[in-house]
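Just the one chain here, laid out as C-alpha cells, in the form predicted on its own.
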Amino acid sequence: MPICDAITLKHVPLTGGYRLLRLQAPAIAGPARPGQFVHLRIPGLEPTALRRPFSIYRAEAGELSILYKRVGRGTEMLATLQEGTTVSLMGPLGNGFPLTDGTTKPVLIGGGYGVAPLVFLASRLPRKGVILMGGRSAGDLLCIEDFEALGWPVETATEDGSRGTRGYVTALLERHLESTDAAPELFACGPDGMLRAVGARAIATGCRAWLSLDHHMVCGIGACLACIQKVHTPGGGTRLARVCKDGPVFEAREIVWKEPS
C-alpha cells in the first residue's frame, strides 16, 4: 500500500467552514480513481492518533486535492497546515465509482461535501450528465463552478430555501427521473439518509445507483473491521463487507440497510 510524503501546495478557506487542500503526491495522484480516498496523518496530533480518511476531490499532473470541513479536533488541527509543509499520505484506497461506457446518462447526486469525489468523477466520465446538489443552506453548496467548467448543468436544493429549490435534493431527483427520456445511471455521495433514498428510487425505477458510503474507517485497508456493512450476495444470502476495502462505493441493490430504531 503506497505511503508517501506529500507537499502542501495550497490550503485555502472556502464558504461555510470548508477548506481546500492541494498536495503534490504523484505516487498517489497517478493511479487514483474517482471515489477512492486517502488516509492522511495530521501533523501536530499525538503520534498515536489515527490517520483521517478524505475523499479525493481532484487528481491530475501529480497533484491531488481534498475538500474538508472543520468539524473536530483533527480537522481543526489540519486547518492550521501551512503551504510547504510535508504530510504523510496512504493511498489511493478503496474501490471507487465505475466509469460507464456512455450508453446511460449519468446523474450525480451530492449532499454537502459529498460532492467532492463527484467532481473527480465528472471529469472522467465519457458522457456528460447533470449534477443534483443539496445542503442545509447555500453555504453548503460546493464546487458549482467546477461542474459548470466541465460543462455539467447544476441543479440545487437547500433545506432553508436560500438557494435553488427548497427541500431535499431527492425531490430534484424524483423530478429528473420523471422527466428524462434517457436511461439514467445514478452516482451519489452524501449522508446515509440521502443515499438510502437515492437507492430506493433507483430500485423502484429500474436504474442502477452507485452509492459511496461514509462509515468510520480506522485502518483504511480492511484489517480492523471497524467499517463493516452488510451486503447481499449473488446467491441470495448476505455477508459483511469492509467499506474501506470492498467499497466505499456499492451498487444500491447490494446494500442491506439497518432498520430504523
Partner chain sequence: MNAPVTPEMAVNVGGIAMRNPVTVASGTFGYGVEYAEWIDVRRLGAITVKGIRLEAWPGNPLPRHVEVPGGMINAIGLQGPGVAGFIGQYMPRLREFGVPVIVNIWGTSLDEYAEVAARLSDVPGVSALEINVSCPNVKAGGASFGTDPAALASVVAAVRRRTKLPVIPKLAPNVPAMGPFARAAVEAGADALSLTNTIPAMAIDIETRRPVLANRIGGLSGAAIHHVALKHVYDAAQAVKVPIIAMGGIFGAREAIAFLIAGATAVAVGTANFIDPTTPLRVIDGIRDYLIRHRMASVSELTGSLQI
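Source: prediction; values computed, not measured. Numbering follows the first chain given and starts at 1.
There is another form of this protein, the form predicted in complex with its partner chain, and it is not shown here; the text below is about that form.
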Point to revise | its partner chain in the predicted bound form: contacted by all of 67, 115 and 191, heavy atom 4.5 Å | key: no
Exercise for review: Report yes if any heavy atom of residue 242 sits within 4.5 Å of a heavy atom of its partner chain in the predicted bound form; otherwise report no.
Suggested key: yes
Review point. Is there any non-hydrogen atom of residue 218 lying within 4.5 Å of its partner chain in the predicted bound form?
Key: yes
Check your understanding: Can you check whether residue 208 is within 4.5 Å of its partner chain in the predicted bound form, heavy atom basis?
Key -> no
Check your understanding: Does its partner chain come within 4.5 Å of any heavy atom of residue 48 in the predicted bound form?
Key -> yes
Exercise for review: Taking 4.5 Å between heavy atoms as the contact cutoff, choose which of 33, 201, 52, 58 touches its partner chain in the predicted bound form.
Suggested key: 52
Study note, to complete from the structure: None of 175, 127, 136, 73 but one has a heavy atom within 4.5 Å of its partner chain in the predicted bound form; the exception is 73
Study note, to complete from the structure: Within 4.5 Å of its partner chain in the predicted bound form, heavy atom basis, the matching stretch of 145-153, 103-111, 90-98, 182-190 is 90-98
